[in-house]
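There is one chain below, alone, in structure tokens, taken in the form predicted on its own.
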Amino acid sequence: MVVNRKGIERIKEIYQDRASRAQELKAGGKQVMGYLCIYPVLEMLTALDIVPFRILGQMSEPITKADACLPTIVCPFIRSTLDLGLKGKYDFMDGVVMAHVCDVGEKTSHIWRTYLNPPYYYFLDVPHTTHLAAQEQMKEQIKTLRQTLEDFTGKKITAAKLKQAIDLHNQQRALVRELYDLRKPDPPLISGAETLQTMVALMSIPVAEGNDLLKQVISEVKQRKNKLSKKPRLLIWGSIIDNVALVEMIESAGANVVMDDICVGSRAFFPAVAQTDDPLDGLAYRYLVELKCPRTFREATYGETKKDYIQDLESRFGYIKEYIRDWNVNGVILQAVRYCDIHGYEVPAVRDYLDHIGTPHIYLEHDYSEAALAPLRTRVQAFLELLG
């Protein structure tokens, strides 16, 4: 199919039908590999000319088949991904790379292997700490991933191919940062909903194609004039948001979402892979240490004579303060999908940190459905009134 749409129009087209482009590429002879969360090492797939395709859920799709495999009192997003898999929505994929993102994610990964029996399967047992021993363990996991991918494809990941793949993904990360910079003006040049659509689209197509599309979007957005109006500027923190419904609800209530700390956004794209003598060292450090998800435990920082709680919060969440400063954020919406323990348990500490730096905030919990957003709108409106 010849693609005539460019920029934001093309982004929205991919967002509305994520599988279409991947299926085209597969029909043309490409292999498509699904991956769960942000921890699978995408550079390994790109180095083998495999299309990485992020496994996401669907808020508008009722969960019917996954209930036979998972209890209803676990993460509805994870349940939705498995439900789509069981319904054949991901049958075009040649395999999956899963990761230990949380206990429910781990169990679902193994259920996926048992029930769907993909041609290729690898489970990346990501450590939950960041010390040197954990980094070495992560490096060994990546080595095994490389070997299994080479065995599956019959190709070798040469040093040159891996370096080229790292460079491509780092280029994309730099372009995403450039796109996010367009949200710094007041009013921003691009909305939070459009930004989220762009992130979802990038996770659905080859990285080189995504880079070209990003350049088109950035060029288009830079030429805009007063598309948005001045409103309270918000940052959204928390568990996965892969559907624009939540962001659109917040923005329609009278805000501009100018920054995020979510895994379909800055959390996935901001950290780059450092150049190291052994590329695996840079990859291990980036994917284990640099990705700032609460599923990874970062050891407490202590003062000289006693535990310093504020110092510990600063070491864990100082990057959020930088986001608030650089994007001129007026308030923060903390949000989590119901039953998301790793984010739910982190909320009190993030609240304390935001109180410490004097940033207003509100916490929203939702059950990953569009119908559940209506009651939250009133709370968002009340929060925006407090911001003035």
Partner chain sequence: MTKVVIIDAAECIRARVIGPTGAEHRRLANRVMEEALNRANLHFEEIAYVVATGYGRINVPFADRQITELTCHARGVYQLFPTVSIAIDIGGQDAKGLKIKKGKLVDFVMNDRCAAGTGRFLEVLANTLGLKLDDLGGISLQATSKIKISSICTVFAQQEVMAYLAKGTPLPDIVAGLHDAIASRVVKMITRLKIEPDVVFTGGVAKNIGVVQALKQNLGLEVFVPAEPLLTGAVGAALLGKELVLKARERGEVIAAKERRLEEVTFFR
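Positions refer to the first chain, counted from 1. The structure displayed is predicted, hence computed values, not measured ones.
Beyond what is shown, the protein has a form predicted in complex with the partner chain; the following relates to that form.
Stretch 359-367 is the answer when you ask which of 35-43, 322-330, 359-367, 51-59 has residues with heavy atoms within 4.5 Å of the partner chain in the predicted bound form.
Each of A372, P375 and L386 is positioned with at least one heavy atom within 4.5 Å of the partner chain in the predicted bound form.
Using a 4.5 angstroms threshold between heavy atoms, K30 stays clear of the partner chain in the predicted bound form. Contact annotation for R338: at least one heavy atom lies within 4.5 Å of the partner chain in the predicted bound form. The partner chain in the predicted bound form comes within 4.5 Å of no heavy atom belonging to K12.
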